[in-house]
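Take a look at this single chain, the form predicted alone, given in structure tokens.
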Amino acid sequence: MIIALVLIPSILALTVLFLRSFRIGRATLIGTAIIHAALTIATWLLPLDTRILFGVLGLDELGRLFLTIVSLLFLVASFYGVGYLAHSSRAHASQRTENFFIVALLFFLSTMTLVTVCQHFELLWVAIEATTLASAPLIYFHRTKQSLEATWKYLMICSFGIAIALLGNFCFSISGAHSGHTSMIFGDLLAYAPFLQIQWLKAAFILLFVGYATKMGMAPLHTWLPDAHSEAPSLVSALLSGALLNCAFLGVLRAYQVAQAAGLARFLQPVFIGFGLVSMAFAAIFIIRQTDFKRMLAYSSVEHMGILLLSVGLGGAAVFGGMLHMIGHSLIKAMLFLVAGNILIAYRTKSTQAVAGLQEALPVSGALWFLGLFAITGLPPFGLFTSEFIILKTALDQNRPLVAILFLVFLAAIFMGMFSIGLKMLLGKSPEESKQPLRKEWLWSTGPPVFLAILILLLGPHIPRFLSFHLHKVAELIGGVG
């Protein structure tokens, strides 16, 4: 089943290259997403395959959580994408361009899936780099000067980060060679972590942390993220923010698990806390007075990646809060980017100053935008309020008042920045010249974000028992106590 999850999107991607029909290509995209989602559901119903292909691949509790998010968001994005591609074809996108876009999307799904099922550190490195190569053409879909610049920046910075991570793998190998342990399989590394050479292991983790956190969007190595998210088609932005950043975060967590098993948790926790707060600070600075609503959402992702790092650094119950936060952020940010796509198509601009009267011009998208702003800034009764409260309480329980104060200050600044921008877009009167094209919203553009909004509302006031149970198990794997 694990092999099918990885290979089916790739095989079907190759078939799209030879298609000469818009409809068949789009049907292949949706069909692949449905098959992948069905196989992902099956992983929850059948015993986990923890080691296949000599232990190189496997699916544990942590990987299954990340796989589920990837599959769910890709399914939603594929339905949105069909309508988006239909709109693009009316805007003179060629058959070849659309087919290549679908091929890249399917390869992107395949590579992200491979990240979640990797149990070998060197293959994990290959998979994370493959996500960069598969997603880069998606950012350049509109073929503008700005999208070309964003694509090159994405490739250069993320490749620099992945090169640093490669050095981390070398250090991992050297740390084990001193004691005769040369396997790079995750389970083996966990088993003989106490015998690894500590200095080389410290170097390995720092290099892997910097390398993968660059792809994760950690400040100050986040500079590729606002450009890429802003210039990519909105469904791609949703996948980049809601799924790809999580894949890089998984790489960080895998390295942390080994380092923690070797007794380095106390040494590494300040690294997570420090960079988590720095990322939140950078996001707060750039969100205030932001004039591009897609870049605003991108900087919000930098903030939330910082919160995830902070949760791991605090440990304990904060890890449970961090995993809950990751789920909420993925769903909410994906919904907001899809809604941003509707706004961009209707108003033909990303400028926050040129968009007004959303509640009148786009009633459904306007309501979703309002709901998303409440949810992403952590207001009750949404899930991010619960997760942020857990993280804050953990900081206070650990007698870290400075961390708690900075956490609250950055959250407040980002809340004020996003709401001052978002409400101006929602309220007011829509421009006279824009009224005619804004009168109708199509099901393809509103159905997928509405579906995500329903999930967001369901996960807000109450965490389902099965999800809480699974998150506790995941938290225990990362050193949390739930």
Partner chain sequence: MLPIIDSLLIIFILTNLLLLGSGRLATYIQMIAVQGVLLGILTVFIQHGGFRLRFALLAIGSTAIKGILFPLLLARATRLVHIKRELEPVIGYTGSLIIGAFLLALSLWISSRLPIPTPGKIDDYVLPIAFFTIFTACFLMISRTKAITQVISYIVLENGIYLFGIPFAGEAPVLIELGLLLDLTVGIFVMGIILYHINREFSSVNVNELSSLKDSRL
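Positions refer to the first chain, counted from 1. Every value quoted in this text rests on a predicted model; they were computed, and no experiment measured them.
Below, we turn to the form predicted together with its partner chain, even though it does not appear here.
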Quiz item: Residues in which of 256-264, 125-133, 368-376, 386-394 have heavy atoms within 4.5 Å of its partner chain in the predicted complex?
Solution: 125-133
Quiz item: So in the predicted complex, does K145 come within 4.5 Å of its partner chain, heavy atom to heavy atom?
Solution: yes
Quiz item: Is T182 close to its partner chain in the predicted complex, meaning a heavy atom pair under 4.5 Å apart or at it?
Solution: yes
Quiz item: Quick one: does R96 come within 4.5 Å of its partner chain in the predicted complex, counting heavy atoms only?
Solution: no
Quiz item: Heavy atom to heavy atom, is L344 within 4.5 Å of its partner chain in the predicted complex?
Solution: no
Quiz item: in the predicted complex, do I8, R23 and F320 all put a heavy atom within 4.5 Å of its partner chain?
Solution: no
Quiz item: Given that its partner chain is left out here, which of L408, L190, A354, I285 has a heavy atom within 4.5 Å of it in the predicted complex?
Solution: I285
Quiz prompt | Among the candidates F79, F382, W200, F107, the residue which, in the predicted complex, approaches its partner chain to within 4.5 Å (heavy atoms) | solution = W200
Quiz item: So which bits of 209-232 sit within 4.5 Å of its partner chain in the predicted complex, heavy atoms only?
Solution: D227, E231
